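The chain below stands alone, shown as structure tokens; this is the form predicted alone.
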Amino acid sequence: MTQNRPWIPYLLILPSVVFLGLLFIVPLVQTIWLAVSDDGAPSPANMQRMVTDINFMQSVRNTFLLTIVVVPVQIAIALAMGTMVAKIGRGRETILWIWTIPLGISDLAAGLVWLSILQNTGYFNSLLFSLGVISRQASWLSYQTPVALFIAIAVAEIWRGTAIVMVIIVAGLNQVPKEFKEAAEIFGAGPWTRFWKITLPLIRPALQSALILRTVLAFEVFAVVYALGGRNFPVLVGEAYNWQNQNQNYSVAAAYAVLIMVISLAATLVYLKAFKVDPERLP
């Protein structure tokens, strides 16, 4: 049928192409042009204004530091959780359902949950006071306690985002043939050896996908940070939001958006290069 009508495949993909063009490519081009132009002509003025912004370097540092801390911890926890689930028989679906509850919570709602725990009158201070650890309310989320604020944001992000990594890891673990593990057991390989020599190499495609997804989302972190720290913990997306909504400068906000996109693409290329996988083994 398609040999007589070669235009049919193109007609079938036309709706998706139009959808991507209208809702992704066109806004992307407009955003890039907005970032690199001034008064309708190409200009580095917006980029220069972004770089000289008082919060720029701090937002870059905070975003990278948060990504460097959160992503490896999430991968390690997800690997442990996925390995535990793989060894469970009865109740496996129930445990997975409980562990994936954070996926159904929005970023802002997760931030507000942790705010109710860590604010001055929150549950954490109440617990410490009742145990006699503190004699009065302690401030964990102010500019005067930057380390505590960073830890609070990191913990909230780890709690919120580990579930999606675990789902990807579990999908990868389900593709590991049981015959490989059984053969390794016959030849006397211990659990740690089987994990490092068999399981980990075979789930590399899943690890690659998880790393790319979580790193890109970590660079785009905003709602949790805004709920817990506000302007006390600047991040790149937060600065883009402030320039657009408070300063009403869409061009500098677009410059921040382009920078985030470039960083995310660079991280993706690094992962694709570092974790080379056979396309036929992709999940």
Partner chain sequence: MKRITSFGILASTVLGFASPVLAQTVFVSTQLRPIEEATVVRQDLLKDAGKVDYVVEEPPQFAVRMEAEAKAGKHTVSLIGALHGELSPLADKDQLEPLDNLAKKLAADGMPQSLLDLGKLGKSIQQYIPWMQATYVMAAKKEALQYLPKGADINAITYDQLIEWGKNMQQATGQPQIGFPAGPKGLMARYFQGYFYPSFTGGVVRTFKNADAAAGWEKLKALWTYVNPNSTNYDFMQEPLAAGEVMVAWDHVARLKNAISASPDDYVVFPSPAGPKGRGYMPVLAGLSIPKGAPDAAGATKIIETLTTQKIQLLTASKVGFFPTLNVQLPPDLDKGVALLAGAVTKTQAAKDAVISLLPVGLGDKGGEFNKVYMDSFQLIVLQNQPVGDVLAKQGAVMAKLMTDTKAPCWAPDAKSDGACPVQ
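Keep in mind that what you see is a predicted model, and the values were worked out from it rather than measured. Positions refer to the first chain, counted from 1.
From this point on, the text means the form predicted in complex with its partner chain, which you will not see here.
- For the options 126, 175, 193, 144, the one in contact with its partner chain in the predicted complex, meaning a heavy atom within 4.5 Å, is 144.
- Of the listed positions (54, 65, 29, 41), a single one reaches within 4.5 angstroms of its partner chain by any non-hydrogen atom in the predicted complex, namely 54.
- Looking at its partner chain in the predicted complex, residues 49, 246 and 250 each place a heavy atom within 4.5 Å of it.
- Remark: residue 232 counts among the residues lining its partner chain in the predicted complex, judged by a heavy atom distance of 4.5 Å or less.
- Contact annotation for residue 106: none of its heavy atoms lies within 4.5 Å of its partner chain in the predicted complex.
- In the predicted complex, its partner chain sits within 4.5 Å of a heavy atom belonging to residue 137.
- Contact annotation: residue 94 falls outside 4.5 Å of its partner chain in the predicted complex, judged by heavy atom distances.
- Only one of 76 to 84, 178 to 186, 161 to 169, 118 to 126 places residue heavy atoms within 4.5 angstroms of its partner chain in the predicted complex, namely 118 to 126.
- If you take 195 to 228 and check each residue for a heavy atom within 4.5 Å of its partner chain in the predicted complex, you get 226, 228, in sequence order.
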